[in-house]
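First, one chain by itself in structure tokens, the form predicted alone.
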């Protein structure tokens, strides 16, 4: 039995009470909890707008659609990410190009992006850095590359809300404030920092982009009288128009109430994750066949959605599958983040080739249990199980 899954939601009585209050109100969707959650997200993450939707994938799609990705306006992103980072661009019929990653962190870099842009057979309109495991990419460096070419940055920040990184002014900035990006996307999936069950959000400081995304999350309906083309009368409270089809990407008040409750614990949860990462560093720091995650660039520079170690499986004398099964037999769950996207049949069939940094990262990575509520005693057990692998 798996006693320590690789991740687990932190659900408390206040989250249940928040959902129950919505259920008792009778207003389950498009109600006050949506606006309350959006307002709190924008305030907490220090941006002008938060547009909540029903998944992180929907958030990516709306952001890509909102900036006009499509045929002839492609996306460049990381291959070390979940399917949605790239797939959402394909929903817009936009070509996708992959940049290589730093083999130690799994993140794209300004240098790998420069090379990918030089090699790209397609015009690139957007770059999506993926803040893998909770570690921010070099956003200031990426922004310098993007801005010189008129390319937008859309952050996949699903692993890293509020993590800090060095900014272009010599200080630090927070993921979500969109200091160096057009927008940042979050997920509220059950295992994320803010676990609403499902859901997502687009954070942006762009008023027009926010308005466009709000319209297209609800079928493309225009309800503002000043924007109507042919209203039946001056005062028409029932009326709406649609200039272009959108999608039903709305998030329910139930999810928003739970998300709002979880948001209050975001900072505390990240601090707890950082303390767990420090414990892992202490317990696993002297194994010759195992490398720890590199230290964050600045204080608060990692949100620790995952704790990914790198294992030299050949030196250990075990395959990754054998390691995962042996740890599972001792109650320890693990996972691999991620299979490079160019290995997926869909992308391989479109000519995407292996990239050396991504292959090196993928060959060694393994994510250990990381979530609030994991105790020091649990980390000790997990570390002992990992150490025991060398005994054969």
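For clarity, every value in this text was computed on a predicted model and none was experimentally measured. Residue numbers count along the first chain shown, from 1.
Another form exists, predicted in complex with a small molecule; not displayed. Remarks below refer to it.
Legend entry - Candidate spot 37, 259 and 371, all three touching the small molecule in the predicted complex (heavy atom, 4.5 Å): Checked in the predicted complex: no contact with the small molecule for any of the three.
Legend entry - Which of 80-88, 163-171, 288-296, 103-111 lines the interface with the small molecule in the predicted complex (heavy atom within 4.5 Å): Going by heavy atoms within 4.5 Å, the stretch is 80-88.
Legend entry - 4.5 Å heavy atom contact, residue 60 to the small molecule in the predicted complex: Yes, contact at 4.5 Å.
Legend entry - Close approach of residue 204 to the small molecule in the predicted complex, 4.5 Å, heavy atom: Although the small molecule is absent here, residue 204 would stay clear of it in the predicted complex, with no heavy atoms inside 4.5 Å.
Legend entry - Touches the small molecule in the predicted complex: residue 189 (any heavy atom, 4.5 Å): Within the cut-off, so yes.
Legend entry - Distance check, residue 338 to the small molecule in the predicted complex, heavy atom within 4.5 Å: Although the small molecule is absent here, residue 338 would touch it in the predicted complex, with heavy atoms inside 4.5 Å.
Inset, instruction - Scan 176, 136, 308, 199 and let me know which has any heavy atom within 4.5 Å of the small molecule in the predicted complex. - result: Going through each option in turn, the one that passes is 199.
Inset, instruction - Go through 130, 303, 126, 251 and name the one with a heavy atom inside 4.5 Å of the small molecule in the predicted complex. - result: Contact with the small molecule in the predicted complex is made by 130 alone.
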